[in-house]
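The chain that follows stands alone, in the form predicted on its own, written as structure tokens.
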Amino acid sequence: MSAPVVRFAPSPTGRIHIGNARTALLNYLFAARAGGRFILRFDDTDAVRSTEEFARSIEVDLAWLGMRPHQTVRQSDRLQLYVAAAEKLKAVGRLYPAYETQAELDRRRKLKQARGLPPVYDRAALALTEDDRARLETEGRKPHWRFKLDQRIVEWTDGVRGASHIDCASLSDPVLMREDGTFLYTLTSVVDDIDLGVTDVIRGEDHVSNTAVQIQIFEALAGEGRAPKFAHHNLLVDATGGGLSKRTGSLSIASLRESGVEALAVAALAVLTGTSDEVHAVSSLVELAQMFDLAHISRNSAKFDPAELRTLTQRTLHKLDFESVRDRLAAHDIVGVHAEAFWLAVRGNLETFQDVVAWRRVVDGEVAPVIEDAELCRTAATLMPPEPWDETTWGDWTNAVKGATGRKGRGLFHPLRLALTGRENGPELAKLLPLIGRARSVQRLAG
């Protein structure tokens, strides 16, 4: 069985939000789990609203989440493919010109609805003769082009929804090309999927109604059985149950990144929300891919609560090993032989990654010691052992202080923590003390 090829196809008309990112992640993880390919396709044929700035921002957002496409294409570079496909459909009688104005179509639709009939296009254009078409064009009308559906039931096995079908007799022949010669998504998406060898289309359930039509277009252009597999996942909604919009910036990936939450926390919450799997922290997208299964996705909408990201970010940071954060630490000048020991010491006390800056100051910067028990601190300073130190030093030292002063429990440990770090709470001092070092420790104990 060949490895899957999937695609994420945003239109660069705004910033992507968590709902868009979820679709991208589901595709990426599906491919990653099976050693497949992930394609980024910009649906940028809307020349008015598509911008290079939005395209770049989408690439940045995907990279932040850990997704790097194997290939990136733009529909604006592929127009000749759509022209050729349209000509092929015309040649086999599946794409026909229709001349009704929008006002005429709206009037017909309202009349049908008033009679209790489904508002399906009546295919009046198919009855036009060549003379009729010539007359209409002489009047200045330009045709839009409709795909002639086979009026049959189209069935497919959906990767999320299971056995699915749509009766195409209940559908209007879809418009694939506008009067101005531009193409609609229904055609361009199919042409791209054929050309790029897409094997699996994983997208939101709002596209289910397109599927039967697109399967027929696949068959008309590429032959029977050439349509990819389809899977339609549930949609994310916000905490109030409302929909998400990239144009309003609702839960945009950029805003989440700027808030300081971890990309892996965003990915885990986006993917696992609305599934039968428990939402929990992961240490890599590889780990998330191994637990990912389309069959676990619920049929109900998935409520995304950004408040959960704070807790999940902390749990994610606590799981990350040094290699996965080495470069991020280096960006804050946390390098050298003690960088790994520092990370292992402080990661359990981080709320966001940026907190490493404050803990670095505790280790080797200026700290305002809090002297709660001056006598204890003076005695502790005289009993401080010589270096080199390791994680056993704290236990040996505090045992000596305990023996000399009779202090124990909170009465022993709390004053020492306040003096050494200036903080009520923090990482285990067994790990932190060797990083602070003897000279700074003695100085801080002296206040």
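Fair warning: this is a prediction, and the values are worked out from it, not measured in the lab. Don't overthink the numbering: it's just position in the shown sequence, from 1.
Separately, the form predicted together with a small molecule exists; it is not shown, and the next lines address it.
- Non-hydrogen atom within 4.5 Å of the small molecule in the predicted bound form for each of 15, 19 and 255: No, none of 15, 19 and 255 comes within 4.5 Å of the small molecule in the predicted bound form.
- Of 94, 109, 207, 229, the one that lies within 4.5 Å of the small molecule in the predicted bound form (heavy atoms): In short, 207.
- Message: Contact with the small molecule in the predicted bound form for residue 216, defined as at least one heavy atom pair within 4.5 Å: yes or no?
- Response: The answer is no: residue 216 has no heavy atom within 4.5 Å of the small molecule.
- Query: Heavy atoms within 4.5 Å of the small molecule in the predicted bound form: does residue 347 have any?
  - Reply: The answer is no: residue 347 has no heavy atom within 4.5 Å of the small molecule.
- Query: Should residue 10 be classed as touching the small molecule in the predicted bound form when contacts are defined as heavy atoms within 4.5 Å?
  - Reply: Looking in the predicted bound form, residue contacts with the small molecule include residue 10, since a heavy atom lies within 4.5 Å.
- Query: Going by a heavy atom distance of 4.5 Å, is residue 43 a contact of the small molecule in the predicted bound form?
  - Reply: Heavy-atom contact with the small molecule at 4.5 Å: present for residue 43.
- Item | Among 347-355, 199-207, 155-163, 282-290, the region lying within 4.5 Å of the small molecule in the predicted bound form by heavy atom distance | Correct option: 199-207.
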